[in-house]
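Single chain ahead, by itself, as structure tokens, in the form predicted alone.
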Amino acid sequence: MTTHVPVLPSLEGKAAIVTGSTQGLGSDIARALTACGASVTIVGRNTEAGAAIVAEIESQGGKAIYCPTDIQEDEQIDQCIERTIATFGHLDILVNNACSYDDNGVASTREQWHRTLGVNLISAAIFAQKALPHLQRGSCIVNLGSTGGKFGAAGRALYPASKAAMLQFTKNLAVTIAPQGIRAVAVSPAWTWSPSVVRLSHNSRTRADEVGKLFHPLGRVGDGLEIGRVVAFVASDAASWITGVDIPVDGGFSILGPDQGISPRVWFERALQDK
């Protein structure tokens, strides 16, 4: 039996910064970028985790450095960019992935709103602003959106609002920087095997897929590397004619309506069976 190996885009000679990449989806994006040949700066505040990701990447022949950075501090963003350029010689790709999930819905405090928007949206905008003078024609900024920014969800407000704003920011950014030959694209995952889903499923991938199949036509939750490979494609020259759009990498989540893609007949049959 032949094992299918994805054909990856080439990012040879390119340097990237990935925020929030010491764990979860961010670390998988960093792995995907380095697998395609990019040199990557791992950004986060967990020094031990950052060093471990770098060691893993280097053990597989990739190039990476860890830069401890609080993305809500402008000076630290500057230092991260400067260190990236000092190490790799240039900057070609920025992936705004860092995210806070602190969300008590309409009961959230003003402080929670400011903190969540500060991490999820404002810091991404400032990172892009500070990276732009160093980007060249052909460079790309990838912003992580989410299906959460597209649909209503009871009990949530901060995270969905920040992700909806991120999608709009991507459009405005793309139009602004297009004359420079620089692209901006959003990539929006649905449920992904990441720390939050691991926690909710009590670290059971089987349970996660069993629940996830109700909302994802492909019948499971996603893997971080599946999102990472799309980020790598978007950032590569293979996607040179793509900008300002959102690319859903969600197993079909966003094509379903409230009926989950199941016909009214089936819903009525189920309702009668439950009686």
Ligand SMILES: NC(=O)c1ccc[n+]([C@@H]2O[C@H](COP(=O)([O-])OP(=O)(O)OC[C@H]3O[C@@H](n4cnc5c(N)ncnc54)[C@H](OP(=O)(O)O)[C@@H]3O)[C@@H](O)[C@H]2O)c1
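In this text, all values refer to a predicted model and were calculated from it rather than measured experimentally. Residue numbers here begin at 1 and follow the sequence given.
In what follows, reference is made to the form predicted in complex with the ligand, a form of this protein that is not presented.
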Complete contact of Gly24, Tyr159 and Trp191 with the ligand in the model of the complex (any heavy atom, 4.5 Å): yes
Would you point out which of 177-185, 80-88, 159-167, 106-114 contains residues with a non-hydrogen atom within 4.5 Å of the ligand in the model of the complex? 159-167
Does the 4.5 Å heavy atom contact test between Pro195 and the ligand in the model of the complex come out positive? yes
Using a 4.5 Å heavy atom cut-off, state whether Asp223 contacts the ligand in the model of the complex. no
Would Leu144 count as touching the ligand in the model of the complex under a 4.5 Å heavy atom rule? yes
Indicate whether the ligand has at least one heavy atom within 4.5 Å of a heavy atom of Arg45 in the model of the complex. yes
Note which of Ala131, Ile71, Leu121, Leu173 lies within 4.5 Å of the ligand in the model of the complex, where distance is taken over heavy atoms; exactly one does. Ile71
For 202-217: residues with a non-hydrogen atom within 4.5 angstroms of the ligand in the model of the complex? none
